[in-house]
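Next up: just one chain, as structure tokens, the form predicted alone.
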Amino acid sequence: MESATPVIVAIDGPSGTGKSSTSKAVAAQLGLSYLDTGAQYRAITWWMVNNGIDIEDPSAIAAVAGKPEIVSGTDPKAPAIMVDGVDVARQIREQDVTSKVSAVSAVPEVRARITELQRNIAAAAAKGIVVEGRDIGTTVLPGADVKIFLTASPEARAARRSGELKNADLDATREALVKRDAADSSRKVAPLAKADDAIEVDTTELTLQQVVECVVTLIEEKRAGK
């Protein structure tokens, strides 16, 4: 049996739409690599915070954007993220990083650095890869074979995210999500946006399993040349 052609899948969308859970499950099911691009932006933000860089000063961020060594594991069952040899998977999810990641991500030098990293990882994925983020289909991998844009109502997204954050305040979580969407959608460089050729999937009323099945079907149809 000949092996399937490598497939590059871009999954974009705002926070709380189920991007990570969907992307990991799809990659695992289809035997593909997996890349959480948001974790890379969180990792560089963590490094900035840890090294006392002024997050309010884009030129200070730009000056050191090339310094941290960021290594992403691409196993969907155990995705790792290392900064200068340190595993930061837990630290990058903390509120201190979450509240600053939009500001750091908006700096063009940071985006250029991380985008290059993402393209290299995708190019090196022998069997193909599922890449999730906010600007994958539009900027990072505009030539991706399959582009999916996940959406959900702000209420559904806040409920999922506050569940992940262990009983966080629902209203505060919703407010933070809406604020972050606004920041990410309005930034000048590679904003959060749906690619013209992306398929939109509204996950508000769907279970994770239903979303995964939907995305797997879309990828298999593409591979079959439909």
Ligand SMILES: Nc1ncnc2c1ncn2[C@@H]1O[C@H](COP(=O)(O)OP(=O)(O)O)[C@@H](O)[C@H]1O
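Don't overthink the numbering: it's just position in the shown sequence, from 1. What you see is a predicted model; the values in this text were computed from it and never measured.
The form predicted together with the ligand is left out here; the points below concern that form.
Stretch-level contact check against the ligand in the predicted complex with heavy atoms at 4.5 Å: of 153 to 161, 66 to 74, 25 to 33, 53 to 61, the positive one is 153 to 161. Mapping the unseen interface onto this chain, Val215 falls outside it, with no heavy atom inside 4.5 Å of the ligand in the predicted complex. Counting a residue when any of its non-hydrogen atoms is within 4.5 Å of the ligand in the predicted complex, the hits in 9 to 30 run Pro14, Ser15, Gly16, Thr17, Gly18, Lys19, Ser20, Ser21.
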